[in-house]
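To begin, one chain is listed below as structure tokens, in the form predicted alone.
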């Protein structure tokens, strides 16, 4: 039990955080979307015997459009009549009502969402427009549910943490070997700038083909991989401390990103470039699917292969590993190159999410990535850590940030809380070793 809690204790912390933020964000919900439209149509049919005359009012938003379309379809299927469907703002609703008044149409129901039902134009319909009759404003029945546990919020958490979690895979390998890589945030920015610049200058810009965009992203990843190779060479062959090497490369990569982009965002990209960052072919965001696949591969690599055992051996005792025949230099090079390549992939995903490349991307991400690894149970001394823990740590940080956003805690306080969480995780690890 002690070993289980030691390895997976953070999952209990994550579940406790989810329970806490679910409790503090428990609110009355006003449903919308297609399901709300069907429910409201059913309520109208039960309340009115005969053929109801219904005015549907919704905002010009995707979820409201789905609500209005499904409501209109269900009302007609039940034998009712939709006299008009408004999709817009209060003035659009007033114009629609005036047209109905002009032709002498009576209304039994004004059906809308909770937001549209509160528009002032509907406050005194019977008095302001007596020829309409006495229409009743009706909305979908509300219910109570935590804002934190809404499906779109949970998907938002997963999508937002995808870049940090993917980069954290490489950082976990580096930290397990007893090293550190401070350059990942700048590599994210450099990769995003390189990929978007290659697309703009050599791939056809807004008319770039899928193959052209793929080759551009691969070229950007390869360049970042070469930078990771240089860092690993400095660490292994010249025995420069990883902290110094990666700190220097952090500055170099950031400077290159600003130079190559002239300090401006690169946005001449086709619409289809957002497929990786915003697409959802399998019901989940594509970036999240990629993240889960990469974690599955990394977990197998670390727990089932010789390479994984070598990474742990190098971090546990480098000299003993060398004497046992482990190719220490090659293992360290693999870790830093893998970290750089995954950081480059994170940059491509971020560029896809934002449909642009900017030298400011990845700012402070090295700290968030290291925090995810440490909170997930990896030891900064090397030799300990696992991929499932890193993924848990990444989600823990994301849940804390998201929960504080939902409870309207300002960004300055969020930094204080995250700093204390990181300190508590390291302190717990030290106490456990003692």
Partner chain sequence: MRRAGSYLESWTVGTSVTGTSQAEFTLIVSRAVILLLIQISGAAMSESRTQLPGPTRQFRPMQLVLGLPMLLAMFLFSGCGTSDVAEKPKELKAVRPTKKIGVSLLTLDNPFFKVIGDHITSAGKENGYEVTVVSGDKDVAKQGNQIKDFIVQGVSAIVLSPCDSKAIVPVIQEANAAGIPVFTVDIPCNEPGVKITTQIATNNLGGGREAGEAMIEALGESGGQVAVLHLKQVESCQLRAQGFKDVIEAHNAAGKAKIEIVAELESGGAKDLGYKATEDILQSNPDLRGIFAINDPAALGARAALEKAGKAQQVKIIGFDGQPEGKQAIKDGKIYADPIQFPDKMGDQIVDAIVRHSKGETLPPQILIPTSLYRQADAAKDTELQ
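Residue numbers count along the first chain shown, from 1. C-alpha atoms forming the largest set that superposes within 1.5 Å between two forms make up the rigid core. For clarity, every value in this text was computed on a predicted model and none was experimentally measured.
Same protein, other form: the form predicted in complex with the partner chain, not shown, and the subject of what follows.
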Exercise. Could you tell me which of 284 to 292, 152 to 160, 208 to 216, 165 to 173 sits within 4.5 Å of the partner chain in the predicted bound form, going by non-hydrogen atoms?
Key: 152 to 160
Quiz item: Within a 4.5 Å heavy atom cut-off, is residue 304 in contact with the partner chain in the predicted bound form?
Solution: no
Quiz prompt | Proximity of residue 245 to the partner chain in the predicted bound form, heavy atoms at 4.5 Å | solution = no
Quiz item: Within a 4.5 Å heavy atom cut-off, is residue 105 in contact with the partner chain in the predicted bound form?
Solution: no
Exercise. Look up in the predicted bound form whether residue 140 has a non-hydrogen atom within 4.5 angstroms of the partner chain, and give yes or no.
Key: yes
Quiz item: Quick one: of 356, 261, 85, 221, which gets a non-hydrogen atom within 4.5 angstroms of the partner chain in the predicted bound form?
Solution: 356
Exercise. Name the residue from 312, 198, 334, 109 that puts a heavy atom within 4.5 Å of the partner chain in the predicted bound form.
Key: 109
Quiz prompt | Heavy atom contacts to the partner chain in the predicted bound form at 4.5 Å, residues of 11 to 47 in sequence order | solution = 12, 13, 16, 17, 20, 21, 23, 24, 26, 27, 28, 39, 43, 47
Self-check item: residue 94 C-alpha shift between the shown form and the other one of 2 Å or more, rigid core reference
Solution: yes
Quiz item: Does residue 146 count as moved between the shown form and the other one, where moved means a C-alpha shift of 2 angstroms or more after fitting the rigid core?
Solution: no
